[in-house]
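Only one chain is included here, represented as structure tokens and corresponding to the form predicted on its own.
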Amino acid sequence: MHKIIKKEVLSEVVKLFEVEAPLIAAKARAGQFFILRLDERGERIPLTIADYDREAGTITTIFQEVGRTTKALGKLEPGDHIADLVGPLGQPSEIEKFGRVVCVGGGVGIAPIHPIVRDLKKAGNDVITIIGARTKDLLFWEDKLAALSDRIIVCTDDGTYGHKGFVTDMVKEVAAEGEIARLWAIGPMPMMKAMAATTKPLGIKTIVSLNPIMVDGTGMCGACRVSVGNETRFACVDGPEFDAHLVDFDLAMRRMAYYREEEKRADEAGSCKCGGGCGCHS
């Protein structure tokens, strides 16, 4: 059992939890994730490690309530417990001194960008951070990332805060100012696809973090397979980070939609007054 130490409501649907997980905190590195199970009958879902405190033995995760499990998770409070946490999983980010680098976080993708920005700065890079969301209410951690970056750029699709436009527009402007040695982009799949299309003609090495359907997180089930450079790779053990210019985003997005109807039915059943399992929504 893992105790929830802290909870922050970042928006109506985005929550932050700090959870006791000393074994994960001891080994966690930028770019990695973990899998949780709310109870012994719960589904396994992967969540990003947005931060960790080795001394306190805690990890921080930020998630958006989109389905039955994340909505149930979002209702928990400090002092409540999560049954299982497994991690850290996946390959850590490749961190070294590259020069002038750009880190882009879109929506909830702002969370996993945080440890990458921190470690790149520690390695001596000139770090430019770009964060964006559909609207101002969905932005978070601007101050936290600004303190770690040489420069931060904020944008919203609707113009309610910062620059009006997409993160790809900001990347084009930064690229026009000088060479970008490497770029990380984490966010919704369409955003990462658009970023790959933007940076490829500019010759910017681009890394994305993929979040496909995942079950065991150890490479055994094959649910998280993605096509990278026309080869099948598994996001849980080979990733989650991959060369954006080699990812087949169209295939990845089709695979993510495979169980949309089942997820919808499960969500509806979970919100039923009978508590689900009644067959009302089957």
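Position 1 is the first residue in the sequence shown; the rest follow in order. Just so we're clear, the structure is a prediction, and the values are computed from it rather than from any experiment.
As for the form predicted in complex with a small molecule, it is not shown, yet the points below apply to it.
Shown here without its partner, the chain carries 62, 69 and 211, all of which come within 4.5 Å of the small molecule in the predicted bound form through at least one heavy atom. With the small molecule left out of view, the stretch that reaches within 4.5 Å of it through heavy atoms in the predicted bound form is, among 146-154, 131-139, 69-77, 197-205, 69-77. By the criterion of a heavy atom within 4.5 Å, residue 246 is excluded from the residues contacting the small molecule in the predicted bound form. The small molecule is not shown here, and in the predicted bound form it never comes within 4.5 Å of any heavy atom of residue 53. Contact annotation: residue 45 falls within 4.5 Å of the small molecule in the predicted bound form, judged by heavy atom distances. Taking the partner from elsewhere, residue 108 is found to have a heavy atom lying within 4.5 Å of the small molecule in the predicted bound form.
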